[in-house]
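Just one chain is shown here, as structure tokens, and it is the form predicted alone.
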């Protein structure tokens, strides 16, 4: 069994998701179960509802689990096993207070020595401290393990002193709860971030102390760097899975990119199912990998291109295939759903020519915008270049609006074909060249640049009266 063990103390970041994806893929390749273990031992930092959010995201990415457990449900087993370790002489009560240990730590700093817990301190404050912790006895020999990504890893026994496994409030520490649960659920392979490498020898020591001899493989994934080549912080927007989704990146594109990062793959664009067929940890780079938002944008665009018009329309919150078709066209210049929504919002919003109040009002969904029925609007201002162009062409825009509105009211057939409409308005207004096409483009799309109008118009004509309306 493989497991993904998130903590409900914050948003899921891309490093978490990458580990979840790899665990899921290996589980499916090996035909083993995939376990989700919510590590909720930190009662102070746990955030209400964050576990449900994590599970919802895993579902969204198609990472369906076979079993779901909460670590806190096993506290009784953790404590029972700790007592067994005490009976076997592998663990002991420690009455040393936090203040005492902090003083010893400061002494080590002043003497320029590494701090190391000494077992002789365990009972020094026995009469003063009614709530001792439980510590596992330090390693008697070096601990080593083979990492499927990093290779051979070795830790000197002096690096692992007697560490706490049960706190004074009977709550197990991370390493103890983690290692016991890995045994309880017969975990065969642990794939997680490189920051957990130092935890692995402690967890191995716990299992050795319990004489647990089932093999557990390990793989620690290199850290993810930001655009500046520094370790990506959880505070950076791009590290948040939730933020990426809110920006309009598709789950399948994010997954594609996280598998592709620092990896040798047979092709650049692929699905989760295809990744299960070709994925191998042996192809993962040992070096840190830099997160490239521009590459993710490219991958997202490629996945959007693979959608049909109906699928695109649904993602744009519409049941109208014309909206889906417009979305596909705007992939010439857009990479995310948000960018496409912005283009379509400009098309379907009133075209105000008053520069002092340049804003376009958008309804809650594309379909509602088409029907011009929603009254809940949000504003988005024109950029500086479009504002300058608007100052130049606003009179011509008003003229074109009047001519086209007259054609619509007269139910003139020329409105059904772009070339016919263009010829008619040229004849009526005497405008030509950029004096015709720039104001006409703004009137139809809300922008002075974009895809060719003759490509857009077959889908715009259905909402022409709403599209050209002013405030």
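Residue numbers count along the first chain shown, from 1. None of the values given here were measured: they were computed from a predicted structure.
Keep in mind that the form predicted in complex with ligand GLU is not shown, yet the notes after this line are about it.
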item	value
Triple contact flag 226, 290 and 294 to ligand GLU in the predicted bound form, non-hydrogen atom at 4.5 angstroms	no
Segment assignment from 130-138, 104-112, 189-197, 339-347: heavy atom within 4.5 Å of ligand GLU in the predicted bound form	189-197
Answer option from 428, 417, 53, 39, heavy atom within 4.5 Å of ligand GLU in the predicted bound form	39
Contact assignment for ligand GLU in the predicted bound form, among 185, 75, 243, 174, heavy atom within 4.5 Å	174
4.5 angstroms heavy atom contact with ligand GLU in the predicted bound form for residue 2	no
Distance check, residue 205 to ligand GLU in the predicted bound form, heavy atom within 4.5 Å	no
Interface membership of residue 390, ligand GLU in the predicted bound form, 4.5 Å heavy atom rule	no
Non-hydrogen atom contact residue 178 with ligand GLU in the predicted bound form at 4.5 angstroms	yes
